[in-house]
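This document starts with one chain, in the form predicted alone, laid out as structure tokens.
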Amino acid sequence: MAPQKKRADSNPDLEDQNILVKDANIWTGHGFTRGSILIEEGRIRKTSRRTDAGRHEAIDASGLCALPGLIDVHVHLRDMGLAYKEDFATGTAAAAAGGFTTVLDMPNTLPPTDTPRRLVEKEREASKKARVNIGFHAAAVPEAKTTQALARAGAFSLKLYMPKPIAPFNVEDDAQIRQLMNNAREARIPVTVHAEDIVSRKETPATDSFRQLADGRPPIFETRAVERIVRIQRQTGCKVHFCHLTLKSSLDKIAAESSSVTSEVTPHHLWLSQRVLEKVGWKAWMVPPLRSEAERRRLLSATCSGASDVVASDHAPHTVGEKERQPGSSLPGVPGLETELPLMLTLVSKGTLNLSLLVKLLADNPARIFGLRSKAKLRPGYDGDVILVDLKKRSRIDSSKFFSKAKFSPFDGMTTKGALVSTIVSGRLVYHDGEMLGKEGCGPVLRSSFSS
């Protein structure tokens, strides 16, 4: 199944984005059909039963399933002042190794992405390092002019952090949130929300254990935040996407709203509960925190029934030294780009999740919600973003082998079924069978089409 070598007399610049995926089981949107995918100049030219490779590089995909390149709309790739945790080269390598051909990076960086100039700086830095398609969210800012400018600069959303806003913003004031949403609607850019309404908390949560730390951010904080934002969204008509929800009740609330309101869950909230937090401590400390086992089961059942729109990793790398601290000092967040797909494929292997819904959660819906119009389909004219997976292969999660700088995971040692074999980005073979082939800077930097 190894890729065939390029012809010695080929033009490397042209052929770099030309590839033939041979004899794959190609995802059609409803099932699989046997055939080949020809990608030329970065886009799918045709899918057919038989196609001659000609001068193109060819990959023998016999026995493998070809799926649309996955899209993770919620990652923290750090870089800039936080490059010691992760940078665009290592973060997008982790994405490629996880089957993600497109990622959207969050703005709580150093410095924060809260002005058009800083957004352009991140885009410029990413253009030198990225191995997959990369775009950027911006911080929610109160000024209409800055909002318009961020939209023109290509931001994919304005991120509202309710626990601790990045830009000067009073999240306790409904009027300010309403103005933010009005500005975003006028700029035709969505608002993404970290929905924990904790600013009115008067007591200091106990920090003697990670369980107590989690109990200090109870489910009611999420419920209260979702209700507030939904109420204000109805008044403004702004597109709103809720990040990393942990409660079935939140999914139910959002599903009852218009298509302008969408939801997202993470694999760690689907798989893990507070039982794991009590066992492994800092490795499973994230915000929002893990919930009870009963709540986890409800969330998983609802997600596998189609109640959520998106699954995203919330990839949040830190050094082990920053994590391996006492409760209250340990930084929240876990790396997830390299565990997300095997975890979700394992749910498919168990019969808990069907493959069609997996593709919707990890490709179709993210592309639709965030305006990635040329992605998530294996059809002529769409971008040549393809992954090859072996649905039967068993693997064991080992964070020491991550391409990410974050060498820890609450899933360490877990056996999964279903594994990535190859990742193709814009017709380039970036990752294959454990080897990173994509050079730094080969990944396109994306700008949103909302304001165009």
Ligand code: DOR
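Just count from 1 along the sequence shown to find any residue number. Owing to the predicted nature of the structure, the values given are computational and were not obtained by experimental measurement.
Form predicted together with this ligand: not shown, discussed below.
Stretch in contact, per heavy atom within 4.5 angstroms of this ligand in the predicted bound form, of 292-300, 125-133, 327-335, 177-185: Result for this chain: 327-335.
Heavy atom distance at most 4.5 Å to this ligand in the predicted bound form, all of R118, H137 and V191: Checked in the predicted bound form: no contact with this ligand for any of the three.
Contact residue in the predicted bound form, chosen from A167, L358, V287, L372 - any heavy atom within 4.5 Å of this ligand: None of the other options qualify; the answer is V287.
Contact residue in the predicted bound form, chosen from H318, K248, K377, K239 - any heavy atom within 4.5 Å of this ligand: Only one listed residue qualifies here, and that residue is H318.
E340 within 4.5 Å of this ligand in the predicted bound form, heavy atoms: Result no; E340 lies far from this ligand in the predicted bound form.
T90 within 4.5 Å of this ligand in the predicted bound form, heavy atoms: No.
Touches this ligand in the predicted bound form: T346 (any heavy atom, 4.5 Å): T346: no, not in contact with this ligand in the predicted bound form.
Non-hydrogen atom contact N108 with this ligand in the predicted bound form at 4.5 angstroms: Contact with this ligand, yes.
Residues within stretch 209-223 having a non-hydrogen atom within 4.5 Å of this ligand in the predicted bound form: The stretch 209-223, when checked against this ligand in the predicted bound form, contributes no residue at the 4.5 Å heavy-atom cut-off.
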